[in-house]
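First, one chain by itself: the form predicted on its own, in structure tokens.
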């Protein structure tokens, strides 16, 4: 059966969804997006994702086309439609808003367009802690992005090229390096553990602050695990006791190799194991308390 998508007010089979090639999202990459996890048919951290969507829209001078309540109703219906079609207890939502159709191509931002709103949710197979503990391999890549990385824009070519660099090297992800300092992955944030302290780069225009990133810091605070937000050099990463990458889709994955060198003993570390448990508990509790 077809995956169901939402496009401009209608729920339709995904293969029937179509957007004009003159949409500014197509012509200029003039749009933003969010990726939102669904666990046991419950949308997780929706308010946080919508707040970030609004921040991104404000960054490109657009207003939120729906209220939070309207988004919740729309996305809940989408999740239920795809659960009925595919038995998708666990899913992930891709939500995209572009500035809309413009007949004559013009760099100037128009103020009279109707936004194009698109959303789709896919089934997600959960991986166990034991499977994730096998870890991933990561390399460093030179930053080739623009200077407003806090905006989650649909213009992802730079990230695609950097990610492909990682795949060409036979590894799973790349950590972006700018002037010697590590910022984030191509589709993730990262954490380093050194001498019992968890560190991650501070928020700023050169990185996208992930929802999972913020949850990890909140869990560290709750469980009294020392942490800090500070600049991290590429050289420091090679000396790390542990490195993790985090995202809404991946959760928390341990990095066992960086730039061809093992991290510590090349295995998932004890801090990752603790945080994986805390995060899994948080998701489970949240899914039981979230009311759709």
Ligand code: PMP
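Numbering follows the first chain given and starts at 1. Small disclaimer: the values here were computed from a predicted structure and weren't measured.
Another form, the form predicted in complex with the ligand, is not on view; read the next lines as being about it.
The partner is absent here; in the predicted bound form, the one residue of 199, 186, 96, 91 having a heavy atom within 4.5 Å of the ligand is 186.
Though the partner is left out of this view, residue 135 does not reach within 4.5 Å of the ligand in the predicted bound form, counting heavy atoms only. Although the partner is absent here, residue 141 lies well away from the ligand in the predicted bound form, with no heavy atom inside 4.5 Å.
Taking the partner from the other structure, the ligand in the predicted bound form has a heavy atom within 4.5 Å of a heavy atom of residue 211. Contact between residue 159 and the ligand in the predicted bound form is found at the 4.5 Å heavy atom cutoff.
Of the candidate stretches 177-185, 73-81, 124-132, 111-119, only 177-185 has residues with heavy atoms within 4.5 Å of the ligand in the predicted bound form. Along 118-150, no residue reaches a heavy atom to within 4.5 Å of the ligand in the predicted bound form.
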